[in-house]
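Presented as structure tokens, the chain that follows is alone, the form predicted alone.
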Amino acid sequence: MTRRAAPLLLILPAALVLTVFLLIPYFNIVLMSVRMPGNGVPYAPGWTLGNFAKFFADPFYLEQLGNTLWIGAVTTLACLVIGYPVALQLARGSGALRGLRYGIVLTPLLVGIVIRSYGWTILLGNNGVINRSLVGWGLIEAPLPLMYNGLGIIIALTHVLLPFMILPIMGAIQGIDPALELAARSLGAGRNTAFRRVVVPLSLPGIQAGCILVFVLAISAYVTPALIGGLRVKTAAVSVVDALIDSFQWPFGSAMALILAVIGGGVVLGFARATRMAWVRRR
């Protein structure tokens, strides 16, 4: 009995932490999402599914949800396109330059997300560094609309979340045996073919992990969309906070948070299944 109980005792601390800080809060969100909305109070006695019906019956919230998923998908794609070459250089590089590049990738994580988002407002504003430079050089006549739209949010989120794409891909590439690529080259494959047929398929687990991390963080981001998007572009996470704090509508805000979590989780599961099947076929 002692041998059987030993693994359970080892798991018990982690299970308690997950229960207190993950399962109970999620259970509370589920309960709150079916409570009656209150008038001047967080909720009223009784239970209802009207909070979910209110969300799906309003085209504004549906458009907002679609916009959130679109911003998350484009941000993920941008991070993948920019991050994969960087991860390849970090994984294959050597010497002092590798350490410098690694430090450059990690440095943004040492700065708070609020500060980084405010930095992008200085760069992207109508009177910001980018627009003032382009106007001063005579390349444009009027400032470009780089803020208070989806483009500005995607640019800022790409910068904020890029390390979360680079690090998993770098780890996956480091785990690839260089002899496999050399074997492909010795069998007549060119450098590009060997990279496309050997390195990329074997790095799919890192790509999958990085894309899931970036997508989940992008659709749930609050600070960056709130600062860059302002009142013109509201994502689902911003609306959830507005409903909970500004409008004091806890049941409706909980319903929106639950809908975002379920739909986002479905997208992640579909992507994970598709990439896993692709990886299995490549193997």
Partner chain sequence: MKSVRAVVFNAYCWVVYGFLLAPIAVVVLASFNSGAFLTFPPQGLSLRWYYVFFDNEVFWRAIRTSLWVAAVATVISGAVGTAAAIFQVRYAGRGKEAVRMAMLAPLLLPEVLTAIALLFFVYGLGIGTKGMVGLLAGHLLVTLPFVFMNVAASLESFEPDWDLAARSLGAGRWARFRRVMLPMIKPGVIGGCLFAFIISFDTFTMSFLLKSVGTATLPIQLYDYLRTNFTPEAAAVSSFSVILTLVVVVVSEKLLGLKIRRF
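What we label the rigid core is the largest C-alpha set whose atoms superpose within 1.5 Å from one form to the other. Numbering follows the first chain given and starts at 1. Everything numeric here is computed off the predicted structure, so don't read it as measured data.
Just so it is clear, the following notes concern the form predicted together with its partner chain, a form of the same protein that is not shown.
Contact between residue 28 and its partner chain in the model of the complex is found at the 4.5 Å heavy atom cutoff. When its partner chain is considered in the model of the complex, residue 112 lines it closely, a heavy atom lying within 4.5 Å. The closest heavy atom approach of residue 67 to its partner chain in the model of the complex falls outside 4.5 Å. With a 4.5 Å cutoff on heavy atoms, residue 34 does not count as touching its partner chain in the model of the complex; it lies far away. Contact check for 155, 192 and 217: all three have a heavy atom within 4.5 Å of its partner chain in the model of the complex. Along 111-136, these residues reach a heavy atom to within 4.5 Å of its partner chain in the model of the complex: 111, 112, 113, 114, 115, 116, 118, 119, 120, 122, 123, 129, 132.
Fitting the two forms on the rigid core leaves the C-alpha of residue 17 displaced by at least 2 angstroms between this form and the one not shown.
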